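Before any questions on how it binds or moves, here is one chain, the form predicted on its own, in structure tokens.
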Amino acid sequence: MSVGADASAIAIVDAINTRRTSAREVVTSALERIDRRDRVLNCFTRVLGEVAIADADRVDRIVATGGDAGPLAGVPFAVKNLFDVAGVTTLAGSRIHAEHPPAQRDAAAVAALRRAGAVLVGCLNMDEYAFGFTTENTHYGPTRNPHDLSRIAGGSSGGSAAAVAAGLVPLSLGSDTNGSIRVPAALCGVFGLKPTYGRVSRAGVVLFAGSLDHVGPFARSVRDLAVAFDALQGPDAADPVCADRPAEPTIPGLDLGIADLRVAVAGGHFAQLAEPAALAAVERVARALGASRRVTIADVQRARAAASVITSTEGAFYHLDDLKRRAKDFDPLTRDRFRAGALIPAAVYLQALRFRAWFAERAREVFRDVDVVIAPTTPYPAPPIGAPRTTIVDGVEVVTRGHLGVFTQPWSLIGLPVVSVPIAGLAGAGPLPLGVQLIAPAFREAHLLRAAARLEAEGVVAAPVAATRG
């Protein structure tokens, strides 16, 4: 049996376990697609062909002897190149890290998916040190949006989103500090989950801003997203911020419906400075989930400012030595952002931390009466590669790249779980997809996946393999 580019992870597992195909055949097919299509897309910085075939053969041996090869048996996946992979140098999108020795062991999240039977096929392009929303990488070239090769894939996990959207792999891993899973998921038309801060271990991941960094999966179906998340979640002493609470499987609840979920639409900040298509996407999701209520959170603009201060300050701290010794080896834009962060006074950073605590309480007040909040993911579809510095939105001039995170940053600041769901075919967006965020209280990823599953079942959201233009 041939398994095509559009096969889901769940379908692949079933086909392998019932011996209608083999993990070797599935992985070989994925490697052939990568070889054929990635020369244009530029999703991968490293393809691990020999290792992947060996891992696939191991899965086939387990299945042949009647064993359980895991919930992701034989499923090809790839990871953003800031996740450690044993024997591979972790680039983190940078020139400087290319000189580092290979990693000694897999990052915890990579190891978790491998334990579940998934087969790692390679490492994926990103913005340098995860500081950006575009994956227009100076050192390794831009990743192109599979829906339109002239457009960005989003970032910083652009390679992760584009590889799934293009059907190169059914699953990938990315990281999210201010929107770096959700923005590329929206622009590439796939599902992307930013779990609760501390829900998934970051051990073995190059950090950007430690008090904001999350890791999570991309997929083309809700069930695939859930099975990957269930394999990833759980405590890990190797990550000091990882929550000491047991995994809470989400797969069993996907078919429960949403009658008990209280759903609302975010107003105020989240209904401004966006193109009509982005707001229309929110309304489409709201109707499908029966959300007629609007909620407003105070001081969202200040939340964005606080997130920017924390991001820049913590990022600069991690890279301070290299900024002093090797400034010319950074992407100029990344270098200048880190330098600015290094100049932020400690008093301003501490004020941002205090505001974060205040803003988190305002969000908790909203979620006392609501289980899921709906908001746009991005204010517009994917801009062109090399787009002008500014864009006019609703009569206001905004910074094209930075404004992509206008709706994702506030939720990152307080570590809430968010899934971006893909919507296509909206007037004004043309063939390009857009995303809608579903946000829940901390550790309530199950709410999000149930709501997303309902939207998918009703055909409101979908992530077919991209029909590439250009």
Partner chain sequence: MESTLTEADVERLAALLGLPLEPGSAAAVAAQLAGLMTSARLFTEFPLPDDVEPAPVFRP
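Please read these numbers as outputs of a predicted model, since none were measured by experiment. Residue numbers count along the first chain shown, from 1.
Absent from the display: the form predicted together with the partner chain. The rest refers to it.
Only one of 112-120, 296-304, 142-150, 247-255 places residue heavy atoms within 4.5 angstroms of the partner chain in the predicted complex, namely 296-304. For residue 223, no non-hydrogen atom is located within 4.5 Å of the partner chain in the predicted complex, even though that partner is not displayed. Using a 4.5 angstroms limit between non-hydrogen atoms, residue 415 touches the partner chain in the predicted complex.
For the chain shown alone, residue 351 is a contact residue for the partner chain in the predicted complex, at least one non-hydrogen atom being within 4.5 angstroms. The partner chain is not shown here, and in the predicted complex it never comes within 4.5 Å of any heavy atom of residue 424.
This chain appears without its partner; in the predicted complex, the one residue of 102, 240, 276, 290 with a heavy atom within 4.5 Å of the partner chain is 240. With the partner omitted here, the residue from 53, 442, 47, 62 that has a non-hydrogen atom within 4.5 angstroms of the partner chain in the predicted complex is 442. With contact defined as any non-hydrogen atom lying within 4.5 angstroms of the partner chain in the predicted complex, the contacting residues in 292-327 are 299, 301, 302, 305, 306, 308, 309, 312, 320, 323, 324, given in sequence order.
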